[in-house]
Structure formats: C-alpha cells, structure tokens
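The data below hold one chain only, encoded as structure tokens and taken in the form predicted on its own.
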C-alpha cells in the first residue's frame, strides 16, 4: 500500500453552512470534490497524525463510496484509528454519542439531514469536534479557507475494506474499528429514561406508530422500541434505511409525513405518533387528533423533564434558537433557571452545554436535545415523551391543554418559500434590512410595528459574535414575524418566515394556528414584499 499525493485545484463553492457542506450528490461525485473538502477538514484541524476520529452517515446514496474514500484519506493523513458504524451507518446523534464515549478527536458525518437522497438528490459532509457537536464558526471558516487554497490531497492506494464485518482491521498503518451503530446509543438512552415504566406503558395496551421514513433511525427505533421496550410489531414502519429514502422526503413534518398525519387524525389513530428524519436528529410528535409543534414540544419536555431519571435533579437552563417560539422561556421563568436565545444552528448550543448553563435545547425546525450529547436527537425526544406519558398516564392532547392553561399558548407557524431565485431572495433581505430603522410606527393589516432589528448574538461563554442571524419585526401586543434565509438547501434559496402570537386566555386556545396568525402573515408579506419579489402568492410549506 502506498500513499498517493493527488494534485487538485480549488472549488469555489465549498463554504460549509450551519450543518456542514451540502450539495447535489452528483456534485460530490465529481472528481476531487469530496476529496478536496475532506482534506481541507483535516488540514484545518491541524492534521490527523496520531488522532482518532469517528465516521458514519445516514445511508443515503453515495454513503458507502464516500466512507471508503474518507477512510483511505484518513489513513494517508496519519490517523491512528477510525471508528466507523457498520455499513458506514451512524445516526447523527449516535455519532455524537460515540465521539463523546470514546473521547475521540472528532468525527465526520455523511448526511444532508432531512434533504432527499438519491443519484439526483442531496449529499452532505460535516465535521464534529471533540465534544461531539458541530464545528463552530471559527472551525468552519478555517475549513473554507483551506478549500480556497488546496493544491493536493493524500489518499492511500488500497482495496476497500469490509464495512459490514464487525471488529478491527488495518488500513495501512491505521486501525479501523467497525462497531454496531445502535449499541452505544441505546446504552446511553437506558441511563436517561425509565425503561421499566415505558415497558409497562406498552404492556398496558398503549399504542404507537413511529415512522422512520426509510431513514437511519429505523434500526435504532426497532431495537429500542420494539426490542427493548416491548412495543408491538408494526409500531415502527418504514424501518429499513434506503439510499433514496424510498423515494420520499425524510423531513418529519405534517407535509412530508402525511401518511402518519392522516393516521393520527383518523378514527384508527393510536395513542401516540412520532417520526424522525434522514439522519435521526429531528422529530415530529403527535397525539390522537393533535399535532405538537416543535416549539411546544420543547416547552412541554422542559416542564416535565424531571419525570425522567436522567433529569430528576432539574435543569440548569434552557436554550432555544431565536426563531423558536418563546413558549420555553415561560417554563424557564417559572423554574427560575436561565433561558438563552441563540442563532439557528445546533453548534451555537455547544458552548452553553459544555459550560453547564443549559440542559435542554431546541429549534423550531423539529430539533430537540439535551446535554447527553452535542447534537439534536430525534429518538431521544420521542423517548422523553414516552417517559412523560408513562408517568402521567394522560393523552398528549390533555398534556398540551394543561400546559397552555398554566403557561399560555404561543400560536406559532413557519412558512417556507422554497427554491426561489437566490438573487431575488438576497435583495429582499438586503432591502428589508436597510429599512429596519424606519419600520417602527408602520401599520399593516391592523398591526403596528413597534420594533425591527437584525438579530446578533454574543456567546456568553467565549464572547464570539454572530451578526445577521435573522430579521425580527415586533408588533404591538407582543406578536412577531421573523425572516431568514435557510442554509440547508442545495438549489436556489429558501426564505423562512416565522410567525408568533401569545394568547394567555385558555378560552382562546382552540383556534387554528393559521387563522390565529393570518394578520401577522399578511403584514409580513406586505412589509417585506414577499409576493411581489418572489412571485409566490403562498408558501410552499406551512408547519
């Protein structure tokens, strides 16, 4: 086996986003593209000499081929060991778990999260640091700078290794350890939750449907829910990970998980419904005839976390992304603990978790998690809900209603305008940003603007500053609209508009959210000129 030094030239489009680099699969498959980015990761972290890293992915198209290339590059760059999930598979939460358990120097996750998979769809690569969390901005910027200057990469000239055989093998001078992708993660979950109580819940006749969406969480859900906790066969559906996610869109929301939504709002609905996404870090939670928004889920989990053994001593604090509703803030206030508002992107929670300032974190984009790892964790959220249900023995709808009665209801929705012209989207945001100072006092659809700014965040741990994290427009009475461009797409631009209104009166908690937020949506459209600038009369997705 010999080490090849391959000459290359930079690609101009390799700046990592909030969750690594995501592009069309065909882009990653072109000569040198994957290799350039991976070599740049290695160079940006000071090389791999004598280091140990974790490698795994969500099983989407090109996962196996990319894993073999990355292993050979790691060997050529002097790594001591790579721990890789069997078949090249690891959910994103499991990758974080493994990084932390074995105290490795970091890891590479191959995923485009909730984006579709397949030869004509999306692929992604991101680097996680030694705490198990996504690389912070300083590291991703260093990676980007390396991609701009790269002139060569190193690759071991060797046959592919057998990724399906558990155990240790050698790749040149490097050890490759193929592990069961589920075992370490399940062990961690067992220490957090009362599995006996959840097992008794299922034994009592409690019914559930978990839609794994032919994505990575299927084997985890089968092993834990059906195997360990005794849920009946058939509880987990679409459980086999497929390279194209069965032709579906592995995003757990009311649109893409339509089959589950229809079931949960039918006469045949089970007691509890849940789904997870492509790489296992997002979740959707439903009760019989009720959808739990991610913002409400974070708040309910925070208010009830003490019912699970891993959180019975209380929470240090709660953190949420800025576009996420303020429902969790009200829980933090009552508990007398800190509440932190960060930009979108799980990496911003890492410092708060490491410093012991927060225990639970959440984003409106269906991501919730805790200090057990440094990623959001879809199955963890489902298990915490199950632990709460096992203790309270109340329907999900009743838990929601009692929560709103105690804390008030934050009506909330996200409107996505997908695949719009990137230049038009950027101009919309730039023009709106330029008018922020003049917006207060503006009246639109009966709502008066009282504040307008571009959210900036100063990390309370390390003092780092992040600018231009989303435009916030506050209306008289406490309602608000937030607008930002998403960094998770691979085509055009996605404009996300977040709408929120607080309602303290329990007699007004049964409105349809879109009806409750209609005036705010219309005002946001008029103020930003969304319809006029994008040509879209309505969003592509409302969650």
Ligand code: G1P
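All values derive from a computational prediction rather than experimental measurement. Numbering follows the first chain given and starts at 1.
The protein also exists as the form predicted in complex with ligand G1P; that form is not presented, and the subsequent description refers to it.
Partner proximity in the model of the complex, defined as non-hydrogen atoms within 4.5 angstroms of ligand G1P, places exactly one of 158-166, 361-369, 382-390, 145-153 at the interface: 361-369. Of the heavy atoms in residue 297, none are within 4.5 Å of ligand G1P in the model of the complex. A residue is said to contact a partner when one of its heavy atoms sits within 4.5 Å of a partner heavy atom; residue 407 fails this definition for ligand G1P in the model of the complex, lying far away. Contact check for residue 222: every heavy atom lies farther than 4.5 Å from ligand G1P in the model of the complex.
In the model of the complex, none of the heavy atoms of residue 534 sits within 4.5 Å of a heavy atom of ligand G1P. Screening 116, 287, 345, 88 for any heavy atom within 4.5 Å of ligand G1P in the model of the complex leaves a single hit, 345. Taking ligand G1P as it sits in the model of the complex, the stretch 270-296 comes within 4.5 angstroms of it through a non-hydrogen atom at just one residue, 282.
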